[in-house]
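As a starting point, one isolated chain is supplied in structure tokens, in the form predicted alone.
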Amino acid sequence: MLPENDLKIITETLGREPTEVEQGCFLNLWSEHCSYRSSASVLKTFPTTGERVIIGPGDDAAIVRLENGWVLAIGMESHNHPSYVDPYNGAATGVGGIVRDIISMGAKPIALMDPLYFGPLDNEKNRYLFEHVIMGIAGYGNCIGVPVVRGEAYFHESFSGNPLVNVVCVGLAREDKIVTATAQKAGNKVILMGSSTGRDGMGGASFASRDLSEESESQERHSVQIGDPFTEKLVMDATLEAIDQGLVLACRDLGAAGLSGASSEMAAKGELGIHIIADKVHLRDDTLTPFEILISESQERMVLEVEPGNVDDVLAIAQKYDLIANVIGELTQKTQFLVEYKGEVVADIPILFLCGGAPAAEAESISEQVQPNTSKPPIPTDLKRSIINLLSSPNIASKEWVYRQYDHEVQVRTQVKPGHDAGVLRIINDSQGLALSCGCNPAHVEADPYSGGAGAVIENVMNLITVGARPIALVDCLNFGNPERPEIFEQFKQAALGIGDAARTLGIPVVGGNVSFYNESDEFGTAIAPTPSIGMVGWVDDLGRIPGSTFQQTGETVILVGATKDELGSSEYYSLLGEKDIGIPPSVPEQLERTVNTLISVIRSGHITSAHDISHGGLAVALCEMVGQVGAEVDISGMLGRPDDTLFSESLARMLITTPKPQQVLDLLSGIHCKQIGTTGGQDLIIRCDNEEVKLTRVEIEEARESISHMMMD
């Protein structure tokens, strides 16, 4: 049902009541999911241009220049509501959709990342959702041959009624083979290629713009698309072959709003109209109405603009791959969205009005100024137990149970596999590559939306730096509750401003992404923790100089880079103590740009044997995660007033590095905060802090970090 004000505007513009089909088009294309009507003014504050950016926000995916004529396509999407209703298919089709976005630009998908957010795993429903989302991602990604090289699994009570499934895809193309979603010329034919159209995914865009309720699982199941990865692989190969042969002038995936969205937006981008004959659409069920044909979000479908003389060649390619393809219409000079069905006009709408006329929502925002509670819990009597409890926390524990289900070796590009701060792919040749990182910390954002948003950028930058990468672009998926609530919109606005300012400071363009609002659940009566999830890519100019993520050799110096502050508010340590409302959360550090640039130079110097970012759980957890075949002895006395403050602070822009050449490295680090804290050796981790000493064996660390595997196997 169209909102009353929207219906009034549409009726006045058309000079008549819209038909049922037209109402369905407006309901979906004017939904928050498609039109960004609440968020557009905020998104305009992002830095979106740069020397490498060829295509920024607004197309199916962004295009970023690499080297020697090669470009990278990158996109990020959410599939949150469908993944709650049907976790396997919701997650699988989330993968399928973002992969087709990359294909539609003329790029071959080469990697996926999946930042995921769930309720606590001690709840049976949450474990079910977690398990089946992972199965859906693995089942689809493995079948189409695109590796999942990086991800995140974060657990928080607010996601119990509304999990988040965000997916990033990157692809590789030649710059001269890029196509876009912008229609080129009136008179060109429009071809629909791929799977048949059915009733699955009906009204998915409008569904994504509503709160979830207890009835969602049964009543909204028709809004969840059903994926077919085997057809997806054929669609991928056929589309790329047609593009490579120069037969495709514009291309768009049928995602949100289905055929009505893909076809109208393609034409509108070229300031053209489109005439569709809905009878020509291949159907799974002949009883589908024109309303259903236009808004169905059935998967594995692409719409292509083709010159009349090339139509037969494109249809032949489709036949070669055993795909159905039909000419369903043509582009027109008159800028109307005109749809016929069995000789009757069922939609006739000014196309620029349909695709760009959604009235902006004048969202209110209320800033909740809360004075931080600086009180502290008692100093723990057993620091070792505190560290082991942190290592066992699902937010910190090993995610091997997740990523071992993914084929991360397919395409034989993966240089650094899942389980590290960043994934690394070989690109173009054996000496250069691409680093990938994703995620954010919702607890930090909830405590301070601006600093938490900036922190999401900083954390991903630090992950990339550990492998010697210089960040070149980011995409985001901004997941929030109902924007009609002023306090929620303020969270969104401040987090976005934090992302934009940090990206601007570090020279990283925001090239794409999406906004996912209305992530709330009637069942639990609350919005999700604000989750501005990020996907970031960086360029590695020498794959031979990537440090390890664990201690490599005995007798090397351990150096802590970055300032450790009394910033334990919203930390994992306080969360495990049940102290969620005390302490000061992490702030944007001083000298951020200088720290980042210096660290990139240091890692690329070749003097660093291992590097690890400090994030969840602070310094103590980072040290434990670096213990592999080699241990270390460190002394962090005198850094902060209490040992737990020093060990568990989650201050941003910090890193542990090891080197056999400490003086050369310290000279390179001159001008930024750094401290020599210990030496590698033995098989255990020994931490000295003032008058206390903590010793953890490799076995104790490994056992503590296996909590997710044990939980999911029980």
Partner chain sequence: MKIAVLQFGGSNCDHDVHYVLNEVVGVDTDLVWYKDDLEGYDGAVVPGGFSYGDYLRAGAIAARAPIMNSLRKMADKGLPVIGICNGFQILVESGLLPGALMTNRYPKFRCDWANLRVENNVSPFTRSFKKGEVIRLPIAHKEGNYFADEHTLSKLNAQDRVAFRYVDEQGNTTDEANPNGSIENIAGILNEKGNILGMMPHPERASEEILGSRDGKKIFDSMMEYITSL
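Computed from a predicted structure; not experimentally measured. Positions refer to the first chain, counted from 1.
Another form, the form predicted in complex with the partner chain, is not on view; read the next lines as being about it.
Option touching the partner chain, based on a heavy atom within 4.5 Å in the predicted bound form, out of Tyr406, Trp539, Phe118, Tyr518: After the contact test, the surviving option is Tyr406.
In the predicted bound form, the one of Asp430, Asp313, Glu593, Glu487 near the partner chain [non-hydrogen atom within 4.5 angstroms]: So the residue touching the partner chain in the predicted bound form, by this definition, is Asp430.
Contact stretch among 350 to 358, 396 to 404, 554 to 562, 476 to 484 - heavy atom within 4.5 Å of the partner chain in the predicted bound form: One stretch meets the cut-off, namely 396 to 404.
Touches the partner chain in the predicted bound form: Lys177 (any heavy atom, 4.5 Å): Taking the distances in the predicted bound form, the answer for Lys177 is no, it never comes within 4.5 Å of the partner chain.
Contact label in the predicted bound form: His282 to the partner chain, heavy atom within 4.5 Å: Looking in the predicted bound form, residue contacts with the partner chain do not include His282, since no heavy atom lies within 4.5 Å.
Partner contact for Lys342 in the predicted bound form: the partner chain, 4.5 angstroms, heavy atom: No, Lys342 stays farther than 4.5 Å from the partner chain in the predicted bound form.
Heavy atom of Ala181 within 4.5 Å of the partner chain in the predicted bound form: Judged by the heavy-atom cut-off of 4.5 Å, Ala181 is well away from the partner chain in the predicted bound form.
Sequence-ordered residues of 405 to 434 touching the partner chain in the predicted bound form, heavy atom within 4.5 Å: The stretch touches the partner through Gln405, Tyr406, Asp407, His408, Glu409, Val410, Gln411, Val412, Arg413, Thr414, Gln415, Lys417, Arg426, Asp430.
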